[in-house]
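For reference, the chain that follows is the form predicted alone, supplied as structure tokens.
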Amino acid sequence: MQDNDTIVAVASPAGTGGVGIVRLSGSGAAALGRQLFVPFSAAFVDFKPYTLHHGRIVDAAGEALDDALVVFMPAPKSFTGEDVFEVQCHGGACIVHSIVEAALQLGARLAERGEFSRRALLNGRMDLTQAEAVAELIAAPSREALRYGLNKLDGLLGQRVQALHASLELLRVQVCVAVDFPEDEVECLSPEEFLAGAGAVVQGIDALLAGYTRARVFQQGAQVVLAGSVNVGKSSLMNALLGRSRALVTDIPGTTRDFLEEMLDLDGMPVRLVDTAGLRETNEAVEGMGVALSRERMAQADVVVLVVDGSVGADEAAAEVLAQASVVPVVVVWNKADLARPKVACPAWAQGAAGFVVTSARSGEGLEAVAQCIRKVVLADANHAPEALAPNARQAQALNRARAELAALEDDIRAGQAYDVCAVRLDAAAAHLAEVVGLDSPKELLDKVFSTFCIGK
């Protein structure tokens, strides 16, 4: 990748549409734009910044390609911080690719994945969290995910992390003074002040990490696993929640041999609903593999929905699922309420569950209550503040590494370690925070981040 050349790419989705967008960025964007564009207005002299101009797009030989609107955005007030020229043409695949080909013939280079956003980062138009927010907004599967992405695009997460980084930098300066001038009469950082400063940064990191689970749920979908014995109505419940027949339902035990997974929207929260094989001892090899997969998916779940046949009550399978309630939240669904209802609101054997709902997959009773209970349990520990900030997986990983260094630093301070030894932990924590926002990020990290972007971003 060259920093000063002019790049071009299609910025609109693949396929055919009403409008297509071709974007150029770089020092030669305006000159290339003048070669590509023939204005319809006789009064046109040159591009007026941030103004749409109507005309015809031509190739290097002057052959017409399309009627279009174009806009020129000069540096530094553009997305990339460079001169940017955009063509808004008709959205046929042949049209947009012909315009890209014409730009290439005139000297532009095809952009790499995420290169527009990468240039915006390198030119100081955004930090790394904002650049990643661009891709997250494009892929957002829910309104809540959009809200988190917009908060990050506005720079709120980056500002919060940079404030924490600045706090560590101040501690580093104070530690250096204490180490370099131990005998001088200068104001020295006491262990208590050192602990308080590090602890404040840890609290700030914890506040950011608190939103990670909620954001992950709204961006990727919560995994909700239906579990229980055979013939308790797991498949019927799945079909009822989906509002259509997806899982095969029969009276024959062991019908579900593998797991089925379907997406479901619970009041704006995406859910990956998983129907699993009934838990029981079996000598049948294929069913045994299905039971093993059921236990595996339960261990990976955000919530396990234990389905119990109300006409039978709790059994060994129910006991097995409830035994995991301390690790994975379990919602008990008393199914087949049209045949039998519980004698009390929540039986003693279900007291350890995160929720208890009475339903009938056949009649539809309690289905809304099941959905609401699942949503409540998934979001139980989430941050509900409107301005909530949520790091993505990469950012959360770096924050967790910074937190681990600070936790070890606090142990070192309490143990009376020399400040020059403590400074090593402090330096490492600061480096991890810098990694979140892209301060002095190595090329390898940027390559990895932007390799997931589409070409036009």
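Remember, it's a predicted structure, so these values are computed and weren't measured experimentally. From 1 onward, residues are counted along the sequence shown.
The next section is about a form of this same protein that is not shown, the form predicted in complex with a small molecule.
In the predicted complex, the small molecule lies farther than 4.5 Å from every heavy atom of T129. Taking the partner from the other structure, the small molecule in the predicted complex has no heavy atom within 4.5 Å of any heavy atom of E193.
When contacts are judged by a 4.5 Å heavy atom cut-off, V271 does not count as touching the small molecule in the predicted complex. At the 4.5 Å threshold, heavy atoms of A215 stay clear of the small molecule in the predicted complex, well away from it.
Against the small molecule in the predicted complex, the set S235, K336 and A361 is in full contact: each member has a heavy atom within 4.5 Å. A heavy atom within 4.5 Å of the small molecule in the predicted complex is found for one listed residue only; from V230, L121, L171, M73, this is V230.
Of the candidate stretches 113-121, 75-83, 145-153, 353-361, only 353-361 contains residues with a heavy atom within 4.5 Å of the small molecule in the predicted complex.
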